[in-house]
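Quick heads-up: it's one chain on its own, the form predicted alone, in structure tokens.
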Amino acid sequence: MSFWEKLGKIDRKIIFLLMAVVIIIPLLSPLNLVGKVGRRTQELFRAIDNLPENSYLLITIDFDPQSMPELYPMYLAILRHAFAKNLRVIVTGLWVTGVGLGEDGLKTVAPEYNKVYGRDYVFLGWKPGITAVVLGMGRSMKETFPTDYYGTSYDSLPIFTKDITYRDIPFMVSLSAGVPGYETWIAYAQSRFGIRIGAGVTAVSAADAYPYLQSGQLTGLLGGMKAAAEYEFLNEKAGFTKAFKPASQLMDSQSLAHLVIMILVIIGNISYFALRRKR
């Protein structure tokens, strides 16, 4: 068997072993391969970074555990950015299946910045009646959420110095895996009350959000795990955190796996054309 024939018939066991190695190594020791940060990621980062200290930031968990690998790292990165900037964070969501994720993220990140529940951040949980809830927050946060997720009354939470509305919230981010999601907030909260909105979505649905970016209805977009890794990179570069970066770790594995696949495809094609030329 000639060299080119051997090259074109690499044992699949070797290929599987090679793929396993390049996927596992970055999981054990992240390589931080994040390159150029995308324009839309930078726009969302700047929108939050430019908020004055003690401003409200509304984050909505509009996804479920199925979309957790892509959207949860975005949630953690945005929380770290917000707490580092001393913003007052309000977390709620339109998906009942996202309640546990919203609570878990706050419990993970808030202690890193010594933030106090009720004063620096609050978790409102989920309420039925999607449209009524979104519209209601524009008229009265107190009437829409008379208590937080844990049953504490609105008036007992120091983070709320008055009955706030969207007019008191300069920016919000919807982490969205479908409907209801960022489109719901645009349709009812932005069109009616004018709140600025950014979004984080899964990679497969990012293209659907671009018309909203071009029309100015969305300010910044995180599309998939790559954008989550980019946001983690910006956080670390700004000195906001040195915490573990889950999206960057997974992107390292994915990037190396894609690189190996591309090399194998090139080798296969070279072998094919070399053998055909000899015949």
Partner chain sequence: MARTLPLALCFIMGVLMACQFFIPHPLSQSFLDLIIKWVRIISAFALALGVRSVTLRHYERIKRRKGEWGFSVVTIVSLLATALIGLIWGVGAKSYLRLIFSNIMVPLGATMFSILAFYMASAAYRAFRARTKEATLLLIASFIVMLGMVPIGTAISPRLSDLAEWLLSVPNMAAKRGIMFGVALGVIATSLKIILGIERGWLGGRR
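Everything numeric here is computed off the predicted structure, so don't read it as measured data. In this text, rigid core is short for the largest set of C-alphas that superpose within 1.5 Å between two forms. Numbering follows the first chain given and starts at 1.
Another form, the form predicted in complex with its partner chain, is not on view; read the next lines as being about it.
Though the partner is left out of this view, Val179 does not reach within 4.5 Å of its partner chain in the model of the complex, counting heavy atoms only. When its partner chain is considered in the model of the complex, Gln214 lines it closely, a heavy atom lying within 4.5 Å. Under a 4.5 angstroms non-hydrogen atom cutoff, its partner chain in the model of the complex has Ala207 among its neighbouring residues. Taking the partner from elsewhere, Arg119 is found to have every heavy atom lying beyond 4.5 Å of its partner chain in the model of the complex.
Using a 4.5 Å cut-off to its partner chain in the model of the complex, not one of Ile25, Pro158 and Ile197 places a heavy atom inside that distance. Just one listed stretch, out of 109 to 117, 92 to 100, 158 to 166, 78 to 86, contacts its partner chain in the model of the complex at the 4.5 Å heavy atom level, and that stretch is 92 to 100. Residues Met251, Gln254, Ser255, Leu256, His258, Leu259, Ile261, Met262, Leu264, Val265, Ile266 are the ones in 234 to 266 with at least one heavy atom within 4.5 Å of its partner chain in the model of the complex, listed in sequence order. In a rigid-core overlay of the protein, Ser253 has its C-alpha displaced by at least 2 Å between the shown form and the other one.
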